[in-house]
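In structure tokens, one chain follows: the form predicted alone.
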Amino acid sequence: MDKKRLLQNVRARHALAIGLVLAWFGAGSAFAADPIKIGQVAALSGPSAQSGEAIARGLQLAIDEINAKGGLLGGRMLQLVQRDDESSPPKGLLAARELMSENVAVIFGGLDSPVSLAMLPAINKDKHIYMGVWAAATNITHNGANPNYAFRVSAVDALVDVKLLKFANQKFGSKKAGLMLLNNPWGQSNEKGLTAAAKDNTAITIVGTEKFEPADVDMVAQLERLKSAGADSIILVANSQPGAQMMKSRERMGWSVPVVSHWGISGGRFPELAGPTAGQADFVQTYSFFGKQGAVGQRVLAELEKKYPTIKGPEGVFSPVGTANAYDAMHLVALGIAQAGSTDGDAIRMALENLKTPYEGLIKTYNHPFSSTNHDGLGPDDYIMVHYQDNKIVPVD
């Protein structure tokens, strides 16, 4: 082989090697650019669809902020992938399995505790992160799994129940509470929590417990029994549709007993369905866009108004708890992914349990919000009481 041909062969081999190296780096860059998928399983249709949309707004707002700063893990953008559970536990489980097969980094849950509880065994088994932002059943995070991949930035029934009884006593002077509970796992969780809370609060006792189905439209019989038992307040645990039917049954009776409710009634069209007495139910929330806002609250409200033209002030933010909880939770998850340096479920779990970076959120400043024994980022000091004023959710005076 002459020198000229030999030189051509050497140059060709060098060019091929350089091409392979460039191709390898190019593939690596393409991989680095793959989006990090963020799953959401929530009610996006039906009576509770408003709750799913509120959660989606909070998630998307946080995702937009994170992406605007360059994303995570070397420039990977976050992408929201949604599934509608229709408030059905079997459909929620199917949706969670679909999202896990698509390698989402985390699954954000919705309003309905029974749906979240149905999903959790599969999520824990598959070592994916579940982040609750509304469903409050105590055993969502206290589920007995070890390791446990369920976290939450939301209220917890066991703590809410203490708040509800204390508020009924202090606000209305109630000494005899009657319970009106949805007949499902969420209602059961609160029955257990309220019973325990009453044992620790000697100022108020529970004089009766009544249950109803999600589709019930007449609850006069249950309310009559509580009235006969001497109830001077009603503790309500329901979503918007059955909660509205309870209020209408109370109205038909002409009974003006105070109603203190869990927050399920804020996840749908409660004012429209309940009618004139909707504002007579005080309920728990974790955030309100009314009143003086901190720097984060001002920024979030401004971004909501910019992104959603129907929002023209705090009164336009429907189901605010869903938006606020989801917004803070998404930022905490992003910190976990960044600290873990990975989208692996086990790595994110360990990072969330020991977050090193404080986060100034919408609801509060989170400083080591989770641990290996506590996966709930909010406590009773983070709850406020509100009620409807027309369609607006405003703090109780």
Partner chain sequence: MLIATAIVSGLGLGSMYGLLALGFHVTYAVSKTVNFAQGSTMMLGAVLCFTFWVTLGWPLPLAILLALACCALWGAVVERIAVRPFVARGSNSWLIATVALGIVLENVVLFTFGKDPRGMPPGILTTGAFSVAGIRIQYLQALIPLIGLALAAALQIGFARSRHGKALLAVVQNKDAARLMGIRVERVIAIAFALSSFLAGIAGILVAPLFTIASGMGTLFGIKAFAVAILGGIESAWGVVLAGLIYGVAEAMITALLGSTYTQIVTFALVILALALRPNGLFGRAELRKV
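Heads up, when I say rigid core I mean the largest set of C-alphas that superpose within 1.5 Å between the two forms. Residue numbers count along the first chain shown, from 1. All of these numbers come straight from a predicted model, not from anything done at the bench.
Beyond the structure shown, there is the form predicted together with its partner chain, which is absent from this document and is the topic of what follows.
Checked against its partner chain in the predicted bound form, the candidates 338, 347, 44, 36 yield a single residue with a heavy atom inside 4.5 Å, and that residue is 44. With the partner omitted here, the residue from 127, 299, 252, 171 that has a non-hydrogen atom within 4.5 angstroms of its partner chain in the predicted bound form is 252. Under a 4.5 angstroms non-hydrogen atom cutoff, its partner chain in the predicted bound form lacks residue 280 among its neighbouring residues. Proximity of residue 215 to its partner chain in the predicted bound form falls within the 4.5 Å heavy atom cutoff.
Put simply, residue 50 is close to its partner chain in the predicted bound form: some heavy atom of it is within 4.5 Å. When contacts are judged by a 4.5 Å heavy atom cut-off, residue 80 does not count as touching its partner chain in the predicted bound form. Note that among 287-295, 225-233, 162-170, 308-316, the stretch whose heavy atoms approach its partner chain to within 4.5 Å in the predicted bound form is 225-233. If you check its partner chain in the predicted bound form, you find no heavy atom from any of 331, 365 and 381 within 4.5 Å.
Contact annotation for 370-397: no residue has a non-hydrogen atom within 4.5 angstroms of its partner chain in the predicted bound form. Fitting the two forms on the rigid core leaves the C-alpha of residue 82 displaced by under 2 angstroms between this form and the one not shown. Once the rigid core is used as the reference frame, the Cα position of residue 216 differs between this form and the one not shown by 2 Å or more.
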